[in-house]
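In the form predicted alone, a lone chain appears below as structure tokens.
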């Protein structure tokens, strides 16, 4: 898969832009704040329907403007895909998706039209932060690979919120009536949990295999085995639906006290192990970088194996963080993959074998691309 066209209007600091990307490697270089990352953010938005930088959509609309438009065309094995995201800060719905020029019924309908893997300095948070960061990482990638997963996740989260609302409304009360209502929600939540847990388990298993091989290739010490393990209430369940139902009933007393659901896939995590020890606690800065890079490279192989085509690779200012060995491993894995690479200095992209160079400049608050 590759982007053949990208058009922006009033997006971040781009007043207007039309770009016809090459299928190979594009280097975007310029000063910090010039607008390089904004281009990558636009492609990421077209692939998953949300920014990797902010949860507030209106932050992506240029100051003083009433709307922003992000349009892309991608070429996949089955032909051309046309998609657009429109952002409106003051009217509802604030985010609208168009496919082939026609409004989509749901934002989730855009999944599968553009597929990206993004790697930036902030991705170290996957290791450093809590379980929510790792669940977000899994969910965003699975939403691209298997669009049905996002629908299953939304069903689960909707049932979870309804059960939690019931627990809050029944604060301090109990009795047979509450038990009967919880029994009904437990059945719904258990059924909704099954596709979430099973798909996450598949993803982590496949990614673990790919990431371990990538880590062995780029690590300073080849004898450091890197492993990923899916952990959570249903991680090893032979019958996840039954185990979920039993877990909810066991935890009901605690749930009533805490006023929220304490058992289920919303508590999942991914253990990251180096030589059998928790990477987060014992890993050096270099080992953390190698681990995250290995996971990103592993994603490319996983997507290609699952979808039959490669994603577009978005590399945001990562070359300055990597030594020559890791740079070479990254570039080797990017061969045959449409790649966008940002850096502050053109020299940072040495060895990238780029097919196109663009200097990004900020003039009077507006970003401009100058092809060299």
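Predicted model, so just to flag it, every value in this text is computed and none were measured. Positions refer to the first chain, counted from 1.
One more form of this protein exists, namely the form predicted together with a small molecule; it is left out here, but the text below deals with it.
Q: Each of 44, 51 and 299 near the small molecule in the model of the complex, meaning some heavy atom within 4.5 Å?
A: No residue of the spot touches the small molecule in the model of the complex.
Q: Can you say which of 305-313, 319-327, 28-36, 333-341 gets within 4.5 Å of the small molecule in the model of the complex, counting heavy atoms only?
A: After filtering at 4.5 Å, what remains is 28-36.
Q: With heavy atoms only and a cut-off of 4.5 Å, decide whether residue 62 touches the small molecule in the model of the complex.
A: So residue 62 counts as contacting the small molecule.
Q: Would residue 362 count as a contact of the small molecule in the model of the complex, using a 4.5 angstroms cut-off between non-hydrogen atoms?
A: Yes.
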